[in-house]
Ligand code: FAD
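This document starts with one chain, in the form predicted on its own, laid out as structure tokens.
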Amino acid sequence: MFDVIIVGAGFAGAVLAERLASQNDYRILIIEKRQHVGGNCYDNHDENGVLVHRYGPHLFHTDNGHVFRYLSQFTEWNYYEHEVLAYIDGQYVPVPFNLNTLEKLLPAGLSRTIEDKLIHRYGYGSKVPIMALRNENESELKFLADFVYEKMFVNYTAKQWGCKPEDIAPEVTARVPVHISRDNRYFQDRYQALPKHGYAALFGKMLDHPNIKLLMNADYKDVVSIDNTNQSITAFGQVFNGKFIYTGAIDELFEYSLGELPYRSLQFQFEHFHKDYYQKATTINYPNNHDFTRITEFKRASGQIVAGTTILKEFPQDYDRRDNQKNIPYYPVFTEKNTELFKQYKALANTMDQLILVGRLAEYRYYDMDDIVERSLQVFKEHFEASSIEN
């Protein structure tokens, strides 16, 4: 019998499996419903030899040196600083909105006036939320806030979340910043890179340990039975006394007994072209045109030298667990009602000492890649390090 069973071979499951096997000498079973490790970070070479991210672009960035050093045990890096363009009013402009964007989209006199007022009010290099600009007394700054909201944010968000622009909560706009600088990088983190040989290779090395066993293309329910009433777990028909780490959807774990939690899903459309490059940047957003939100060209990020190029168009859609075209949950939908339902499921989970929830779906919250690595390392420290076990 195994010491720990983990459901899911994404970052949460893989980091915990690696730590438990290498540091504690535990025997680990990972049950993964897909035919590959890596979760939504999985990448592979398509039929044309282009390295693509199968579930949308994943560009690693972090200010967390501890996380970067940890992952560096399992990969070399190609350093890459991501830049994104948006198609606005017939031209391609940098996003997030910055002084270069301002200069491209507005008349010269007006853009200089607004630039001077932004720098004087907030200082060069700062980031100002749209809501802060909307609360300013200066008419030009209010104008800028409305302009950015209408041109770059509202329609993109409506497509992403499947709602009408007027239904978008005002709090969401507070997260939209104007960058008072001419730095066109999408991220400003200290570490920005891609695994040199891809994410799949990184995960493969992370899980290459004799104590880690993988059960692929399998439903965990065929292996594990959870009796919440009696707070017991069986695995392969035997009583299981070890820890059960779950990284999937929490409502599925409890068989939707309290109702379904909503998510947003995505549909991906890959296209290959017999040319060196397709577009001007790795990612171009289309907030006001087309049904898709963005196009990503992978060669521009990887630096791969190969004939032809492959792009990916992303179409947001509603999640439906019963529809094979819509049954991958990518984003939790954060509303007061949904948060309350999650808390009820979390209360059920808290009654089981063997159960540990980790990850975006299990904790019903958004994690970037570095965040979930840090979270998983913290779970290991809290639950499994020698000092925590002794205490």
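Because the structure is predicted, anything quoted here is derived from the model rather than measured. Sequential numbering from 1, following the sequence displayed.
A second form of this protein, the form predicted together with the named molecule, is not displayed here; the remarks below concern that form.
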Study note, to complete from the structure: Exactly one listed stretch (66-74, 49-57, 337-345, 319-327) reaches within 4.5 angstroms of the named molecule in the predicted complex by non-hydrogen atoms, and it is 49-57
Point to revise | Heavy atom within 4.5 Å of the named molecule in the predicted complex - the one residue of Ala301, Leu266, Ile180, Ala145 that qualifies | key: Leu266
Revision key, fill the gap. Assert contact residue (the named molecule, in the predicted complex, non-hydrogen atom within 4.5 Å, options Arg121, Lys127, His209, Lys221) equals Lys221
Review point. The named molecule in the predicted complex: within 4.5 Å of a heavy atom of each of His45, Tyr278 and Gly308?
Key: no
**Study point:** Partner proximity in the predicted complex: Tyr331 to the named molecule, non-hydrogen atom cutoff 4.5 Å
**Key:** yes
Exercise for review: Considering only heavy atoms, tell me if Asn40 and the named molecule come within 4.5 Å of each other in the predicted complex.
Suggested key: yes
**Study point:** the named molecule contact at Ala12 in the predicted complex, heavy atom, 4.5 Å
**Key:** yes
Exercise for review: May I ask you to state whether Glu374 is within 4.5 Å of the named molecule in the predicted complex, using heavy atom distances?
Suggested key: no
